[in-house]
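Below: one protein chain in two forms, given as structure tokens, structure 1 then structure 2.
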Structure 1
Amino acid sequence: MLAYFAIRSGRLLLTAFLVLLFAFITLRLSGTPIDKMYPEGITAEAEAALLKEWGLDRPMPEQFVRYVGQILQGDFGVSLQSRRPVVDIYLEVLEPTLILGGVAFVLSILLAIPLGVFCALRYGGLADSSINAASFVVYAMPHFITAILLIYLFGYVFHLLPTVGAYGPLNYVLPVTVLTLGSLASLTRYMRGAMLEQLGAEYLRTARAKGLSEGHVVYRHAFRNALIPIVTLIGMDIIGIVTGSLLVEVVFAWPGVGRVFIGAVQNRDYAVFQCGILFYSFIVVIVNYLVDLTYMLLDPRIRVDA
């Protein structure tokens, strides 16, 4: 058991390290912040002086070793553009992102599980077919298309909801809807599938044969077992919301982590980008890690194998 934890934790750190290394190299290969900070051009002398000031004239391996040394001491550097500490920049925008993602996550689960069960119980009926078809459409639609469509309808045509920034509760409605819809579509379909699988299982016949009521059979037996595969998907759901929020934040001019991160990529603001990529990769690996652990707790067979 201890070895299982140790291996998993080791993998977690290794993954984050490799992601950082890859990101560090690729962004530098794509150019320097100079091209973005001075798009109108700059003399070679001024460029050289700035690169020297920022330490970007040093060989890349040296830059990387120095950076890793800094982050091990908790120093994530300063933004080349705004000269502010990177951590301050992210902390300032963490709250709107967490609320946006958190609300979308809770809503998608609260809606998807009952919807999936509902569809499974009415398998083949009109409600099931309609919800299933709608799920396919929403699932196939990229977040930014849904976002632009909603902005167009609720902002441009009907003037019903605000479309930029995070100034009040109403500003949350459209971005939360976009993120929720994306996860809801996939989770509902999986929940429906998992439930259908359980409803057709042999052990339910036994349960019914024992004289248990239909409600008892469905909710105490089928539903509980159908939830196990969903746990893994909830992990995917969190990752989907985190990555989806990158685009959604840009489209809605949302003052969040995603917009800062995308801005850092666009401007090649190295330190901001590197901190962001660490943040995102940690979320992904930690969520996977937690899913593995939860799965192990829920399914005794994995526990034994481990």
Structure 2
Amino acid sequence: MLAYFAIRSGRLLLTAFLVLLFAFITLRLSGTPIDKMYPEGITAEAEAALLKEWGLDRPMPEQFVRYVGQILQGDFGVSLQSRRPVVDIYLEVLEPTLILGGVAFVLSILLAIPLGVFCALRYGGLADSSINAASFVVYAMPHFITAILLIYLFGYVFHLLPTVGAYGPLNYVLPVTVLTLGSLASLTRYMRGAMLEQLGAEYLRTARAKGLSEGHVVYRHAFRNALIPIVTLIGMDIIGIVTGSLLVEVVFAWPGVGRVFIGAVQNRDYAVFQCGILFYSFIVVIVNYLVDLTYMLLDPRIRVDA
């Protein structure tokens, strides 16, 4: 078991390192921040002075080694645009993002699991067919398309909800709905499939033959076993919400991490972009790590080959 933890932790760190390395190289190959900060151009002497001040005049391998060393000391750099510490910038916008993603995640779980069970128990009926078809359509739609449709309907046609910013509780409705719908659609379909697979299993016939009630058979046996593969989907659900929030925050002008991150990409604000990459990659690898551990706890039949 300890060997397994060590291997998974090593993979986690290696993945985060490779993601950071790729982002570091890609962003620098795309150009310097000077192109964005001074679109009318500056003198060669001024440009050389700025590159030296930012440490961008050094070879790229040296830049990367110095940056990794700063990270290990807890220093994520300073924004080239605002000259403020990157950590302070992200901490200011972290709360709206966590609330947005957290509410969407909780809603998707609370709605998807009972909906999936409901459809499986009424397999082939009108309710099952309708929910399954709606889930397929919603799942196939990108987040930004759903966001634009909701903005048009509730913001411009019916004038019911605000469409930009995070000024009050009503501002949360549309972005939370967009993130929830995508996760809800996928989880509902998979929960339905997992329940159908369990309901047709041989061990349930044996349980019924022993005289157990249908409710006991469904919820104590089928439902519990159906949750095991859903754990992986819940992990993917978290990752989908995290990545989906990037575009959702931009569309709704949401003052969160995603909007800051996208702005850093557009402005080639190296330090802000690199910290954002670390933030998102850390979430992805940690979620995958926790999913593996939870999977082991739920299914004792799984043996880890360490």
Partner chain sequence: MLIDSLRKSRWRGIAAAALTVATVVASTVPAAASELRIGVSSHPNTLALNETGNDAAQFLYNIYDTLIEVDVYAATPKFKPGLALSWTQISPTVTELTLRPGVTMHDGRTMTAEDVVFSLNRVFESKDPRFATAKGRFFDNFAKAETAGDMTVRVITHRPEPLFNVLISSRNAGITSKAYVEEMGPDKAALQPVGTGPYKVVEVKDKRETVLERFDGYWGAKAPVDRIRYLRVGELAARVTALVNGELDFITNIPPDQAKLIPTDKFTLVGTTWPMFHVVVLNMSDPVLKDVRIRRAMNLAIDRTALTNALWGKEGIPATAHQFPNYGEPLYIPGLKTIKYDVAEAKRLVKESGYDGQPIRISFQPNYYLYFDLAAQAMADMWSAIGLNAKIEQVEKYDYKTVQMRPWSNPMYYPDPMGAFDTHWSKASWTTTRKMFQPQNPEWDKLYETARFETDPMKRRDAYKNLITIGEEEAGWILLYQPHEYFAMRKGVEWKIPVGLRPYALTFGDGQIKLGAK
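Values in this document were obtained by computation on a predicted structure and should not be read as measured data. Sequence positions of structure 1, starting at 1, serve as the residue numbers. Superpose the two forms; the largest set of C-alphas matching within 1.5 Å is the rigid core.
Undergrad: 1 or 2: which is the form predicted alone?
TA: Pick structure 2; the other is not the form predicted alone.
Undergrad: Please determine whether the C-alpha atom of residue 60 is displaced by 2 Å or more between structures 1 and 2 following superposition on the rigid core.
TA: No, residue 60 moves less than 2 Å.
Undergrad: After superposition on the rigid core, does the Cα atom of residue 29 shift by at least 2 Å between structures 1 and 2?
TA: It does not reach a 2 Å shift.
Undergrad: So with the rigid core superposed, the C-alpha of residue 46 shifts by how many Å between structures 1 and 2?
TA: Rounded to one decimal, the shift is 2.5 Å.
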